[in-house]
Ligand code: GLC
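Just one chain follows, in the form predicted alone, and it is written as structure tokens.
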Amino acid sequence: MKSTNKFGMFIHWGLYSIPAVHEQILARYDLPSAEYEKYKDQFNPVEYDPEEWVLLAKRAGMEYICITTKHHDGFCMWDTKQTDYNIMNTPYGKDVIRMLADACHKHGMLLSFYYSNPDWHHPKGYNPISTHQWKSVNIGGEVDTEGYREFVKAQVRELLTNYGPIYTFFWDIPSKLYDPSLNELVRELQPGIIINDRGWSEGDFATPERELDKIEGARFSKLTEACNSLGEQSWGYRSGEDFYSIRYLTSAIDRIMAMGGSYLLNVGPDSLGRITSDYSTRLERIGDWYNRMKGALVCHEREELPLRVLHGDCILTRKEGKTYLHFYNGTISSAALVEGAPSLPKSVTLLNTGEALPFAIEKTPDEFSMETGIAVTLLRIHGIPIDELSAEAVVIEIEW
């Protein structure tokens, strides 16, 4: 399990879907905590249909869902016995995590939990050596991180005992306090679970967020799960959101997954429990592209053949004896030129369309030796419909 990279759905959902601005609106807009917490008395997602969410994810080719059980505001989306500040004390009054877990298990979707270390509601939540503490109710007061950790452990025990098998656990905002007992508890309750690196001790996988341009190299050296949202401004539901382009997101997904990572793409359901069409339509378009990749983005290896693609940003992978050229930023022309081909391929397929591409090992006049002026011999794959594919990453399959 730990060697398999996957495409997954991230879900940020909570009280912040009511003002529909940002999941950290309490801090970003400097609201009084008492004013924000009144949203608990309004939260009533009567149109929540977790099966619809799961089936949308499946249609997009996703294999797991990670949902915010508690974000920085401290509001808990499950039937926790550790605080009254939870979903059971809203007009809705039902455990939405239980409902999602049941839908995931019914449809064979893996389920993961996000849990925020900062807690702006808990009376012992303030941690002066961490970040994102701006709205802690006891900020500047007595610090009791040990007392808060006991609360966290009790909540982790609930989450990892009552909802069936859990695939990954996503701590958010490193506490900067070293306490391996929390990850030990997670593993005790869910043997085989994978834990991220934002918790209280070393985790199993890295979690780069949004900052994809800072990632270098053709292969991750450790388990990695990158995450981004469909929306540029917010992870939670935002009315009038600024959305990333389909091209930008397919490029990011292709690049991360070709490097061996998982990719977690976020949606923000609204206060009624709907993944609105602004989000679902974009996700379906991305899923259409992803499904046309025919599994090339998962369970692959580094390409060991001494191949070199001459032009364009390209990562090479290998799966089941086939070579894959991942042009995550698209190809710069209608041809791909490859140096070092061991033989003439049996076939070359453009996964974006499923069509065979013409190819030959031949001299190309504009690629030549500066010493002799003689054209070099390359594998030339041509006929790529670049203009038709301008909105998505391009993947080419070579069967030798």
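Not measured: the values here are computed from a predicted model. Numbers follow the displayed sequence, beginning with 1.
One more form of this protein, predicted in complex with the named molecule, exists but is not displayed; see below.
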| query | finding |
| --- | --- |
| Residue stretch of 338-346, 43-51, 23-31, 56-64 approaching the named molecule in the predicted bound form, non-hydrogen atom distance within 4.5 Å | 23-31 |
| Distance check, His132 to the named molecule in the predicted bound form, heavy atom within 4.5 Å | yes |
| is_contact(Arg198, the named molecule) in the predicted bound form, heavy atom dist at most 4.5 Å | yes |
| Partner proximity in the predicted bound form: Asp95 to the named molecule, non-hydrogen atom cutoff 4.5 Å | no |
| Heavy atom of Phe113 within 4.5 Å of the named molecule in the predicted bound form | no |
| Partner-contacting position among Ala206, Ala154, Leu310, Ile173 - heavy atom within 4.5 Å of the named molecule in the predicted bound form | Ile173 |
| Answer option from Ala103, Leu283, Cys227, Met293, heavy atom within 4.5 Å of the named molecule in the predicted bound form | Cys227 |
| In the predicted bound form: members of 61-75 within 4.5 Å of the named molecule, any heavy atom | His71, His72 |
